[in-house]
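Next up is one chain by itself, shown in structure tokens, the form predicted alone.
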Amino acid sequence: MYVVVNAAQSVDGKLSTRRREQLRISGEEDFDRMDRIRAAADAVLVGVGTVLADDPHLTLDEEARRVERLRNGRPGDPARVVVDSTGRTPTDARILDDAATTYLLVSAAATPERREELSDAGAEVIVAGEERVDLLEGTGALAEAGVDRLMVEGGGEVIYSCFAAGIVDELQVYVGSLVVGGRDAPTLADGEGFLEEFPRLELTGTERLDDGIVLSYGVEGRA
């Protein structure tokens, strides 16, 4: 499986404000770039925090890309994946509609009753890990289900967890021309943080879009 992380951050590395409300950092050119990456992916992954905060749909914006996928024998929209250790995804979340397949990666900490409720709401529930989702095990299950290219959209906790699990192949980050600040505002990679054996990246490209820049990186050791 090839895993690409895509995110937009402020100049000072923040994904949103300390209130963790959705913040528009990029513009139409970058939104189109993100839609192209989605269209190339078999599935798009977010954490449950993103679902609770933004209630995203995670489908394609450009109809022509959906048509092209169908012409190539693929589903119109990529599958959607939520990392949700205890099953907190609301059963009426937009991500559980029938626009695309939705996988919920939960841990054994999610009760059987809750797993059944989420399954009844339209999710394909995958148990991976004991207390927290084991991303290596979870992405392995996704690969068995036919996911060869996975796009990770965040938030910061999930992005950190993906790097910690060693599954990231590529990082694309849009840096917008604004400063957000706040010691409690989410960053590109939150979580516990690394104290040693830091993931090393290789800058592979830059692109000016809107009033910011896209930095593209490969992850060393994942070639």
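Note that this is a predicted model, so its numbers are computed, not measured. Throughout, we count residues from 1 along the sequence that is shown.
Only in words, not in the display: the form predicted in complex with another copy of the chain, which the text now covers.
Student: I'd like to check something about G166: if you look in the predicted bound form, is any of its heavy atoms closer than or equal to 4.5 Å to a heavy atom of another copy of the chain?
Tutor: No, no contact at 4.5 Å.
Student: So in the predicted bound form, does any heavy atom of Y2 sit within 4.5 Å of another copy of the chain?
Tutor: Y2 lies outside the contact set for another copy of the chain.
Student: Give a yes/no on whether T59 approaches another copy of the chain to within 4.5 Å in the predicted bound form, heavy atoms considered.
Tutor: T59: no, not in contact with another copy of the chain in the predicted bound form.
Student: Look up in the predicted bound form whether D54 has a non-hydrogen atom within 4.5 angstroms of another copy of the chain, and give yes or no.
Tutor: Looking in the predicted bound form, residue contacts with another copy of the chain do not include D54, since no heavy atom lies within 4.5 Å.
Student: Another copy of the chain isn't shown here, but in the predicted bound form, which of 64-72, 41-49, 27-35, 178-186 has heavy atoms within 4.5 Å of it?
Tutor: The contacting stretch here is 178-186.
Student: Whether V173, G193 and I213 jointly form a contact site for another copy of the chain in the predicted bound form is the question; each needs a heavy atom within 4.5 Å.
Tutor: Every residue of the candidate spot has a heavy atom within 4.5 Å of another copy of the chain in the predicted bound form.
Student: Taking only heavy atoms into account, state which residues of 1-37 are within 4.5 Å of another copy of the chain in the predicted bound form, ordered by sequence.
Tutor: Going through 1-37 in order - heavy atoms within 4.5 Å of another copy of the chain in the predicted bound form - the hits are Q9, V11, D12, G13, K14, T17, R18, R19, L23.
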